[in-house]
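Before any questions on binding or motion, here is one chain by itself as structure tokens, the form predicted on its own.
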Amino acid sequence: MTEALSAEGLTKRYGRRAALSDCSLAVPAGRVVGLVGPNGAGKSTLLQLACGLLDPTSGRIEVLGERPVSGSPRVGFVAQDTPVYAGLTVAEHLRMGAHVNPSWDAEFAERRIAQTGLDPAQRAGKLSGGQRAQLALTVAAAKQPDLLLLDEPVASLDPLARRTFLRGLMELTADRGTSVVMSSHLVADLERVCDYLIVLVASQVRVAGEVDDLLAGHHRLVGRRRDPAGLGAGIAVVEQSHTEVQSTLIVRSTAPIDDPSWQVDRLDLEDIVLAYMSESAPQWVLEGQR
């Protein structure tokens, strides 16, 4: 199956500053992908490269097996500020979408506008943040893309509006099988809807993989203070902290942890993300987990 998004050695520089550095990943098609990392990590840059708005400085990126091209009918993009035209009504947005997109699904767009309770006669500038986000998602989805890229689409929404937006996204992916890559700081939201995760830190991919595999393969170990180098094969330290008597480790394991001197706890997705974002995460471990 063609990958939704793949990159090898992908780098984007602005002068001396690297917005994205030596990024390599392969995202399977048909997934809802969460893209997470701190501000300035390169999330928006990666999405803009994927939709053809930016050209890489070096390396390779492919979307659905092809080089990204701006305006491709196969890719829908909703930028961070959920762009809509303030002076146009909801209905005028749909008419414009139908005019510029040969694959436009008018029935889907009108049905989704009705489902979300938007007034077709309302000007976009008068809509709430959640309503603008729903309109932007509808316009992007009605072009029937194979891949939908969403850059922080719920960042400014209240909890109820976020839940409504994410419910609509889940319905969309279930109905159409669209691949989705969505960046967000809100890991709890991603955990509800995503089945694949990419963590970007300092312009580099720190970890990427199936959410279920990441949850199954990461653990918190608590025990007497010791050198983590003695953990054995198949166990890599992601984050560590120590007191005079106790060590607490976040590890990624491909082997059973059967040392009874460790208390072994499961982690949620936010625990894992924060561990990879931590300044105490050893660089050699992160590079080895790409």
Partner chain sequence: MIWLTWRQFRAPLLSVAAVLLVLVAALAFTWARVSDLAGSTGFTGCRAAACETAAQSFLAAVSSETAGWLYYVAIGVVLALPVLLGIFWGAPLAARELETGTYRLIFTQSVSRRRWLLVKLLIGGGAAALCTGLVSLVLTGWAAVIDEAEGNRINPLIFMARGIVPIAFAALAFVVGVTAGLLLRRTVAAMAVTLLVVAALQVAVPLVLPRLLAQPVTSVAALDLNAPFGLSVDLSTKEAHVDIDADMPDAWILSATVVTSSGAEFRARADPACLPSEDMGGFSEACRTWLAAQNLRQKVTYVPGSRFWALQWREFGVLIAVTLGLSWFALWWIRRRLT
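By rigid core we mean the largest C-alpha set that fits within 1.5 Å across both forms. Numbering follows the first chain given and starts at 1. Here the structure is a predicted model, which is why all the values come from computation and not from measurement.
Form predicted together with the partner chain: not shown, discussed below.
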*asked:* Among the candidate stretches 114-122, 174-182, 96-104, 152-160, which one is within 4.5 Å of the partner chain in the model of the complex when only heavy atoms are counted?
replied: 96-104
*Might S72 be said to contact the partner chain in the model of the complex, defining contact as any heavy atom within 4.5 Å?*
yes
*Proximity of L88 to the partner chain in the model of the complex, heavy atoms at 4.5 Å*: yes
*asked:* Can you work out whether F77 and the partner chain are in contact in the model of the complex, taking contact to mean some heavy atom pair no more than 4.5 Å apart?
replied: yes
*asked:* Contact with the partner chain in the model of the complex for L53, defined as at least one heavy atom pair within 4.5 Å: yes or no?
replied: yes
*Out of E210, E191, E110, E92, which one falls within 4.5 Å of the partner chain in the model of the complex, going by heavy atoms?*
E92
*asked:* If the cut-off is 4.5 angstroms on heavy atoms, which of these, I198, A133, L148, V139, is the one near the partner chain in the model of the complex?
replied: V139
_Let me test this: is every residue among K12, D81 and V84 within 4.5 Å of the partner chain in the model of the complex, going by heavy atom positions?_
yes
_For T57, does the CA position differ by 2 Å or more between the shown form and the other one when the superposition is done on the rigid core?_
yes
*asked:* Core superposed first: is there a CA shift of 2 Å or greater at A19 between the shown form and the other one?
replied: yes
